[in-house]
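What follows is a single chain, given as structure tokens, in the form predicted alone.
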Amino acid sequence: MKAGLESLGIAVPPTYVELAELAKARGVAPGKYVDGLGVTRMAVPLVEEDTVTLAARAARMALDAAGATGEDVGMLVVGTETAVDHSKPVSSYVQGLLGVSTRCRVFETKHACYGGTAALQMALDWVRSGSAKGKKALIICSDIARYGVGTPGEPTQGGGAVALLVSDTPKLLAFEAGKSGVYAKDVMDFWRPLYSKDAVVDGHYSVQCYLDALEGAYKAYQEAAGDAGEGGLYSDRFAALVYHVPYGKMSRKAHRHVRALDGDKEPDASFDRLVGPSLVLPSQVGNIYTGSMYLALASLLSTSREDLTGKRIGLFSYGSGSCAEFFSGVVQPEAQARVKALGLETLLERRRALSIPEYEAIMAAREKLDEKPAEDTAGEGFRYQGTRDHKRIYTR
């Protein structure tokens, strides 16, 4: 049985900061941020936006794109590392906001940036086994990457969500059953203690952990696929490669490593061809943790000028801590037209640029977001209103 993406949806905050402006405000040469990270704009969520509202907005787009409703969903999972509660999952809030059926399996997954992929793989197995019985799985990757004003990680922030509607009628990407390689190792490269709103990262070590996991997962994929000895550079068997992209330059490091493993003496020569289109949207949003690789996938399908129909795409997902997976899928007919019809590039163009003082004021206001008294304010869309009796309140 086929299983894969029937549709997808994206949600990003309506505001952003130009990284060049942030660099100037911090007394840093703009090129260090823009060229050094491969990011031009960093999404900044307003106080009425959180992991829940981003997830709900992305899910609404994915359902609408497929002409589906909440009644069609039999599994709803949110992969996140910026949950809003230690017990109640983000997915339960989303279920209520979207009106998803009560006959639905609802939960949350966590493993840093790998959490969404863990949920996706579970959903694919659920569909392939026949247990779905015609229902669809709604997998949402939703996060707000935060490190704090003036910290070394400040320019690597961002926020957003990607929703993936998984079914036995994939109209975007059909994932290849059995063609997957995993790698996991207990490391402390990135973590967020329960007492902290901001993550802790050992930057150089985390990059090495990422590359070690990529090598392990990539080799495991080749063993699972059983075609490693057929000649030629192995990565040329993919029409495109989509990497986990916390920032654009990480994809270049990843690609160099993959091509070096293949024996390519000029690893950068294939970068624009195999990776370039996947970085168009991420470069304007920044780090969205669990959704980063899937935003790159959406970027590939939305911006690539090559007809990818029937071609294989390689995907690499990495979560610090760590767990990684290299897997693949085949692009379906009209997939690119369907994603382009979502108007993702226009969505990003409509956002408003924040001045540095505005950005810093928003960051300060978000410090007490979990304790903000609820306000019964009107407005369109999903909005976080604050808390009442220790309960988070949202507009539907």
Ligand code: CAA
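Note that residue numbering begins at 1 and tracks the sequence as displayed. Predicted, not measured: the structure shown is a model, and the values here were computed from it.
There is another form of the same protein, the form predicted in complex with the ligand; it is not shown, and what comes next is about it.
- Although the partner is absent here, residue 363 lies well away from the ligand in the predicted complex, with no heavy atom inside 4.5 Å.
- Using a 4.5 angstroms limit between non-hydrogen atoms, residue 224 is distant from the ligand in the predicted complex.
- Looking at residue 115, you'd find every heavy atom of it more than 4.5 angstroms from the ligand in the predicted complex.
- In the predicted complex, residue 343 stays away from the ligand, with no heavy atom inside 4.5 Å.
- No residue in the set 180, 243 and 331 has a non-hydrogen atom no more than 4.5 Å from the ligand in the predicted complex.
- Contact with the ligand in the predicted complex, judged by any heavy atom within 4.5 Å, is made by just one of 234, 93, 126, 247: 247.
- Shown without its partner, this chain lists 201, 106, 217, 313 as candidates; in the predicted complex, only 201 has a non-hydrogen atom within 4.5 angstroms of the ligand.
- Segments offered: 82-90, 273-281, 301-309, 147-155. Contacting the ligand in the predicted complex at heavy atom distances within 4.5 Å is 147-155.
- Residues of 21-41 placing a heavy atom within 4.5 Å of the ligand in the predicted complex, in sequence order: 29, 31, 32, 35, 36, 37.
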